[in-house]
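Quick heads-up: it's one chain on its own, the form predicted alone, in structure tokens.
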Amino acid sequence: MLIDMTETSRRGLIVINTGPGKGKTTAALGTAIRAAGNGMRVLILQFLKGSWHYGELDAIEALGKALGSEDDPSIVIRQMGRGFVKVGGAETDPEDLKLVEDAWAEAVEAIQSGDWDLVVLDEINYAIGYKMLDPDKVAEALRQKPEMVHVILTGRNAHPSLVELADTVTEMREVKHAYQKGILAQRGIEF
């Protein structure tokens, strides 16, 4: 069997972590840390998170300075939202729409800039699913990304057009969750 080298050559990947199970962001952060440890420059944009202080914020900030410098960290994380948005028929707050638009503009700029080797678009699938962001715009930007830039998209219900475009798609499946036993989210595990 002949191997088509155009399909196996090195290039920036589009990766999607989706599904109803826990671990989509955690997997993306693990890849981001691996990339930073290999000398890559990494930007993590969290599309909806913003109201809580998550443990990963402090860890990524410290790691970025340790691997880079105070003024030029090698890995950066930015919360772009206000927290989880209203769903289930409720009208989306215009402020949340504006924040998603701003996050998307920053994402496109980061992907195209050449400043980052890996850009993580955390929770972007939620923004698309909640109709706060057009999946066609996202797909077009991914098609136009520089050849060696890697992009990871996270969140449940990844849009079919993005799944088709992606190089790697992992679906997290919940088998059981502590919350079902009445156990609340644990600091250091869920946030």
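Quick note: we count residues from 1 along the sequence shown, nothing fancier. Predicted model only: the values in this text are computed from it and were never measured.
The following text describes the form predicted together with a small molecule, which does not appear among the structures shown.
- Within 4.5 Å of any heavy atom of the small molecule in the predicted bound form lies no heavy atom of residue 170.
- Among residues of the shown chain, residue 156 is one whose heavy atoms approach the small molecule to within 4.5 Å in the predicted bound form.
- In the predicted bound form, residue 21 approaches the small molecule with a heavy atom inside 4.5 Å.
- Shown alone here, residue 11 lies farther than 4.5 Å from the small molecule in the predicted bound form, counting heavy atoms only.
- Residues placing heavy atoms within 4.5 Å of the small molecule in the predicted bound form fall in a single listed stretch, namely 25-33, out of 162-170, 25-33, 132-140, 59-67.
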